[in-house]
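What follows is one chain in structure tokens, specifically the form predicted alone.
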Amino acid sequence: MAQEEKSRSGRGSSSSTILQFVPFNSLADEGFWHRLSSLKLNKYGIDDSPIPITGFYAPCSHSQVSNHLTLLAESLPIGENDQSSMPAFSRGNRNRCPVPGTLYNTNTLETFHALDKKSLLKEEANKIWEDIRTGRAVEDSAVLSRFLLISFADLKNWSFHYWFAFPALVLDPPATLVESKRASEWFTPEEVKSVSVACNGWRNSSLTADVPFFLISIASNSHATIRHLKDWEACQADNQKVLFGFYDPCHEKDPGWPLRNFLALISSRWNLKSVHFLCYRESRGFADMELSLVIEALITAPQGLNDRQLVPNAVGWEKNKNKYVSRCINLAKSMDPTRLAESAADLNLKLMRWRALPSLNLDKLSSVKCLLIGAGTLGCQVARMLMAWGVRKITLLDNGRVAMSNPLRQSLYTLDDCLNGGDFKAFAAAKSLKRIFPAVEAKGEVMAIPMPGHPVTNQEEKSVVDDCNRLYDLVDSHDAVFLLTDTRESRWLPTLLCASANKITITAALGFDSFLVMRHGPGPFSSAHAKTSSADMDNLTLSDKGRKRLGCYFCNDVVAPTDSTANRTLDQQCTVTRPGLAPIASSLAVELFVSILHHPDGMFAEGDITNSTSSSGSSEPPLGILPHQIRGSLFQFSQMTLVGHSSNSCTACCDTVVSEYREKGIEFLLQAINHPTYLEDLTGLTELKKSANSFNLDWDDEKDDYDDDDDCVEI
């Protein structure tokens, strides 16, 4: 790169002075790197094919500052399905002359450093030379400033390694400087005025404002005209001065980098020996003839100019602090903390889509609304797992306060939440979620859940009715409900409401060393024969035609839920479990939920068991089997998947109970809450128990003579 290193002394009229050029300077806007990061994560993945990009520059507009070639967010392609699509931007912007470029974004830092930079530069230079030889550079002169960018995006740390190259064809022998003057000195006063007017007109027209190379013809009467390069022949009238003009981004006494390839075009296309150039510069948006330069140079046509196989050498890698090394920028500190947290949180999920799980639907996960009933050991863990999967809308419902015994087992609370009587769990948990991840839309709801077996007085009835209506509204406004409470009866009303509204419902329940995680089947009126409206049916992914509904948490019970806390010792009132149990059950509950969202049949999918064939046919769901129930034991370190179908006598989800609720509403709920046998009477469980109690076995009281071998039967 010796020609770039030569000093710029010896200016003036000496014909032996080699013409010097001021290199391009690059500037990549933060928006470019953010856009590249988004495309890398969401579209390109591990595909490292070259990407067409567009840079922008403008003529120098300040006597002390040069303009840069700038990359913006719109420099990258906007098409979501075609990596080769060109960036989209509006033409005619006087401050953004578009220049085509190529981006090579590598997958590893080692690959970035190992790139064959000489070959890449030569490849881009060949494109410029081909455009010159074919005449494309005359039609679209912006291709003369074609550039190259190599990069590595470290999306984990938000740092970007990059290196620009501005390929410039090297003329051999090089062009020599004859004369360099300010344009105001070279032109006559009349010409200065006319050229300024012509340049301002060219720059103010939307058709030519961003055309960086042009011709200036000056008639004998000092009238100046600006023309396209393709009009060269039309400028060859008698007594006309013709200059080659270009937008010069440099403010110094030497011409800017774009002139280098312009010289190669002129030498190859028109075979001129002596050429005058206008290095066009501006001040406050208007032509500045004091700042602009007129340069006369001598060009000697290179040997082998007509040899199509011969390509001139090229230079152009940008320096970093006077050294040929790459640059690095870190955007972590400049990013909004919330945005940075959101990008980091989604990183793992977006990387899944590169290879392991291309069908992962992040939009569905981020938009789904989850209601967590219970903000204790299970609720805290489920909330965190949901956030890890990209769920951004979480509501926690609980009426308890944070106790001193909670923070060790319930991961969203600290000692501060326990002081002064303890904060409400729902509020403290939502606040904690926002501290962990500011972009989450978390809120808490403090309320008690009306429960069967817990009768209410007349004075309490209004409050209970309000709670029932409030819970109905919450279930109705969410897409999925997690039942994570520590009593059986507290799950009854949410189960009923979910069955009636046909919501995705997940239950997680703990014993001392065992757990149950299950998904509830769709409601009894969710099939093609349902009593729901056609509008509701449009929202269902699939009707369960001919299939047996999967059961809910109460379908295997033969008794109605009652007060399970009365007359219990302290260890029976508290959820006493092995500490490792809740994280396991919570994780499985969330994984089950995510599998439902990604299963082709959604909540209507049949229950799979281990090693079973997928219910959707030959195609395997992206996240594997979708079980109905998962039961596990830490005592045996075992786990099994089970399937249980709905019961016609279920006290929570059978068509009798749901129909009665839909018909009578609050009246039905109060009956179920205040009268312990009401649900059993309604569903037929009372009669079933009576039948079982009245069934007598007719035993033969005669004593067998076991000594009689004849009465013995050999099996």
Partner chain sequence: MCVLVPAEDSNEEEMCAVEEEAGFCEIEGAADNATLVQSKHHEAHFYDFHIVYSSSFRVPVLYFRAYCSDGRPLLLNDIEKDLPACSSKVLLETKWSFITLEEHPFLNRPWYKLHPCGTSEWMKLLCLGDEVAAKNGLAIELYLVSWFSVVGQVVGLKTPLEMVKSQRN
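Numbering follows the first chain given and starts at 1. From a predicted model like this one, the values you see are computed outputs, not experimental measurements.
One more form of this protein, predicted in complex with the partner chain, exists but is not displayed; see below.
A.B. asks: Is the partner chain in the predicted complex near all of Ser26, Tyr324 and Met335, within 4.5 Å of a heavy atom of each?
C.D. replies: Spot residues vs the partner chain: full contact, yes.
A.B. asks: Counting any heavy atom within 4.5 Å as contact, can you tell me which stretch out of 347 to 355, 511 to 519, 442 to 450, 228 to 236 lines the partner chain in the predicted complex?
C.D. replies: Among the listed stretches, the partner-contacting one is 347 to 355.
A.B. asks: Any chance Leu642 has a heavy atom within 4.5 Å of the partner chain in the predicted complex?
C.D. replies: No - in the predicted complex, heavy atoms of Leu642 and the partner chain never come within 4.5 Å of each other.
A.B. asks: With the partner left out here, check for me: in the predicted complex, does some heavy atom of Asn320 sit within 4.5 Å of the partner chain?
C.D. replies: Asn320: yes, in contact with the partner chain in the predicted complex.
A.B. asks: Could you confirm whether Ser151 comes within 4.5 Å of the partner chain in the predicted complex, counting heavy atoms only?
C.D. replies: Because no heavy atom of Ser151 falls inside 4.5 Å of the partner chain in the predicted complex, the answer is no.
A.B. asks: Is there any non-hydrogen atom of Glu252 lying within 4.5 Å of the partner chain in the predicted complex?
C.D. replies: The answer is yes: Glu252 has a heavy atom within 4.5 Å of the partner chain.
A.B. asks: Between the options Thr677, Asn648, Gln64, Ser49, which residue brings a heavy atom to within 4.5 Å of the partner chain in the predicted complex?
C.D. replies: That would be Gln64.
A.B. asks: Which one of Leu362, Leu623, Leu331, Ala501 is close to the partner chain in the predicted complex, taking close to mean a heavy atom within 4.5 Å?
C.D. replies: It is Leu331 that has a heavy atom within 4.5 Å of the partner.
A.B. asks: Going through 113 to 149 from first to last, which residues have a non-hydrogen atom within 4.5 Å of the partner chain in the predicted complex?
C.D. replies: Those in contact are His113, Lys117, Lys118.
A.B. asks: Have a look at Pro358 and His161: in the predicted complex, are their Cα atoms closer together or farther apart than in this form, given the change is 3 Å or more?
C.D. replies: It is farther: the C-alpha separation of Pro358 and His161 rises by at least 3 Å in the predicted complex.
A.B. asks: Is the CA-CA spacing of Asp154 and Gly390 tighter or wider in the predicted complex than here, given a 3 Å or more change?
C.D. replies: Distance between the C-alphas of Asp154 and Gly390: longer in the predicted complex, by 3 Å or more.
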